[in-house]
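This document starts with one chain, in the form predicted on its own, laid out as structure tokens.
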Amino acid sequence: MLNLKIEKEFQGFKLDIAFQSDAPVTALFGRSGAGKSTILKLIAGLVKPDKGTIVLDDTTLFDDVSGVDLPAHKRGLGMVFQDARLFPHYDVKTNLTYANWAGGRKTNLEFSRVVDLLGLAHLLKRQPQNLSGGEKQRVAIGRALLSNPSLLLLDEPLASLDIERKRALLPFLRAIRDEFKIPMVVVSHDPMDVHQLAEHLVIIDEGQVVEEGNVRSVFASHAMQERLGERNQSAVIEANISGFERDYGLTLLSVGNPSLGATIRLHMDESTGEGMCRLLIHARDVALALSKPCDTSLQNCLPAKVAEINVSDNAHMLITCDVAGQTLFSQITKKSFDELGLEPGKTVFALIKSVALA
């Protein structure tokens, strides 16, 4: 459990933050300059709060009243910066084991397991200048893991990567979360990263917490939609893998009870197996119909009920729908809205392209 209640004032900016989380991964989300990275530095002990408390499980890291302020090297945390910050004069292996030979920190993690998980075996003798951006980030994450952290702090770990390298690194972060069970606090301004990694989401704006909770509920909030902007308004839907249509390479995902008929079909690696997965669905990729369509290429047709109606812009409406107790947004034209005669409580069918979920 991470419990944070701190204040820190800089020139022209005041940070006043309070939240707690016992989730495996907590994400701090917000615009640039909101104070997200500073929060990580405060937790890590790189910046001292003016007042407040920082408690991790049973350990008080900072308390201005009792005078506790553990130095960074005694907090037992692992920090991964956006720019990796590897030691340029050491090879990859020496960078990875830095906490052990330089700081005397022992780890319960097997060196070979971390190396294998992060795909670093063929890089151990390389110098940092001969690594790609994604490789440097993997080394930095491995170095932090091998420092035996009780909490891993990641500051925009994917921000400097192109889309291809980001897609390659995300599975490594998920594997760390699932296998090593080391809690993480991740700073990001990318909703795609947040919904794939985190369980608890905290929105930071101008040094304040404006919304927090589980990822699905926070994505459904007005605070999140406002920060995503009209073009990127989206919802997170949680669904359970319920079967496969192997002839077509499709995975079947049930939203809520399978008997409700809210099934999503999409191309997904069958090795994922059973369990829950999250989908980030953009409002612009969701169409609405009053009856279940036939003779259409659209495979995803979810029964829904109109919950809320808002004006999106001069030409569009944002329709909030309830799908098996979960929130789904649809952005449609005002013309379509008038022709469908939508109102709260009305039953509709939400149509989603499979390619939008790839």
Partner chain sequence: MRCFIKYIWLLISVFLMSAAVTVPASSQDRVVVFAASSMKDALDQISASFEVDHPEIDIILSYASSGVLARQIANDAPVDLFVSASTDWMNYLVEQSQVKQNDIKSLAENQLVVVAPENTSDNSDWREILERGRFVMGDPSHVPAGIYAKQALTAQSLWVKVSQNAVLTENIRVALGIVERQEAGAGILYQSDVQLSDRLQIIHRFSDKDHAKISYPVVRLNAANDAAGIFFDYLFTQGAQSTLAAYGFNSVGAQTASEAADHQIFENPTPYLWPIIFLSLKVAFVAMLFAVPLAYAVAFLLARYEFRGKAFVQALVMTPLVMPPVVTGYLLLLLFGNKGEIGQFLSYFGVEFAFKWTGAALAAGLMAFPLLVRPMRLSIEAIDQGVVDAANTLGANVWTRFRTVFLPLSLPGIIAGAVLGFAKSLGEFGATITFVSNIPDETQTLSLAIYSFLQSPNGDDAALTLMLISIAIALGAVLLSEMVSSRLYRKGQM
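Residue numbers count along the first chain shown, from 1. Quick caveat: nothing in here was measured; it's all calculated off a predicted structure.
Another form, the form predicted in complex with the partner chain, is not on view; read the next lines as being about it.
Among the residues F111, Y90, F244, F180, the one placing a heavy atom within 4.5 Å of the partner chain in the predicted bound form is Y90. Of the residues given (T251, S188, S147, S234), S147 alone sits with a heavy atom within 4.5 Å of the partner chain in the predicted bound form. Partner contacts here mean any heavy atom within 4.5 Å of the partner chain in the predicted bound form, and among 219 to 227, 201 to 209, 73 to 81, 116 to 124 they occur only in 73 to 81. At the 4.5 Å threshold, heavy atoms of R165 stay clear of the partner chain in the predicted bound form, well away from it.
For L46, a non-hydrogen atom is located within 4.5 Å of the partner chain in the predicted bound form, even though that partner is not displayed. Although the partner is absent here, V194 lies well away from the partner chain in the predicted bound form, with no heavy atom inside 4.5 Å. Although the partner is absent here, R143 is a contact residue: one of its heavy atoms lies within 4.5 angstroms of the partner chain in the predicted bound form. In the predicted bound form, no residue of the candidate spot (Q11, F13 and F62) has a heavy atom lying within 4.5 Å of the partner chain. Taking the partner chain as it sits in the predicted bound form, the stretch 80 to 102 comes within 4.5 angstroms of it through a non-hydrogen atom at F81, R85, L86, F87, P88, H89, Y90, Y98, A99, W101, A102.
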